[in-house]
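What follows is a single chain, given as structure tokens, in the form predicted on its own.
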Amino acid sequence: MSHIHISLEHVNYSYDTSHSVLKDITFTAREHDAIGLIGANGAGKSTLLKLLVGLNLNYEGSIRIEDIPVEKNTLPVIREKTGYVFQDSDSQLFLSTVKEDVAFAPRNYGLSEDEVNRRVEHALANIHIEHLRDRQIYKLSGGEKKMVSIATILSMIPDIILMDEPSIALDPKNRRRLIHILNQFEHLKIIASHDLDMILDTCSRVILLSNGEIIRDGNTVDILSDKELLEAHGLELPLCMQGFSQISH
């Protein structure tokens, strides 16, 4: 197995003793996997991503990132390898300007200032937001904040990308740009989203969560074209497939 992988075995997680959020989660994600994590609100998608980067640690079972167990003492290494885009961009951006926020992670890991600047410029250019370089964060729109959040993880050059609802607040142009960025990323990515059309465009594998359990894990088209399965778990067919269904009738 490539060194770039994620492995979960019998993972359980509860915010309190009265309610299990994740139940017996077991799966392996390999280097070139592009996985869409889908499910209705409250299914456990965001919680699962947070476990993978150690934002919640009191879980049961085993979580390993590149054979490193996700534990308090391993978090610096885990987070150097894994880029995580929060659902709420304001949770990710905390410095004054775009350039400072994008530079924070590589600078924090002790890279030279020349290398930090190179990474910042490359990340901004990669998603075509060089014009925002010196803008103050509080003056950005929601969509601009989302793109800057993505740039902050690209500047780390991570092995693994995790994204929680990345298309929220994006206009159609930036949504297409995001899809292009995701499809250009060659390593492991897991994307939690209600935007099933974007999942269809970016992911070859889907994991369907419902009430904290994995219901299906398999080929994207097979799962996203299963109207009965999706509706049974609070979802609908991707819009593009709904259109085909209407035309066929």
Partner chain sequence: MSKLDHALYEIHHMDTLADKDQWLNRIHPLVKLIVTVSYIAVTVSFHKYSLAGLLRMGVYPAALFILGDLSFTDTLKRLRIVLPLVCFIGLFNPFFDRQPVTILGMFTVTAGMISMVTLMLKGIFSVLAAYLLIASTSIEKICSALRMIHIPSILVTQILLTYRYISLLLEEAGRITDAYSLRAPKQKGVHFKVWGSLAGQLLLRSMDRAEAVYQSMTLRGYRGEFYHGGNTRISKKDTAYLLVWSCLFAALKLI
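Because the structure is a prediction, the values reported are computed rather than measured. Positions refer to the first chain, counted from 1.
Although not depicted, the form predicted in complex with the partner chain is the subject of the following passage.
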**Prompt:** Three residues, P76, L95 and A105; all within 4.5 Å of the partner chain in the predicted complex via heavy atoms?
**Reply:** yes
**Asked** Can any non-hydrogen atom of E100 be found within 4.5 angstroms of the partner chain in the predicted complex?
**Response** yes
**Asked** Using 4.5 Å between non-hydrogen atoms, is S91 touching the partner chain in the predicted complex?
**Response** yes
**Message:** My question is simply whether N174 lines the interface with the partner chain in the predicted complex - judged by any non-hydrogen atom within 4.5 Å.
**Reply:** no
**Prompt:** Are any of the heavy atoms in M156 no more than 4.5 Å from a heavy atom of the partner chain in the predicted complex?
**Reply:** yes
**Prompt:** So which of H187, K50, R205, H194 reaches within 4.5 angstroms of the partner chain in the predicted complex, heavy atom to heavy atom?
**Reply:** K50
**Message:** For a quick check, can you give me the residues of 203-223 that have a heavy atom within 4.5 Å of the partner chain in the predicted complex?
**Reply:** none
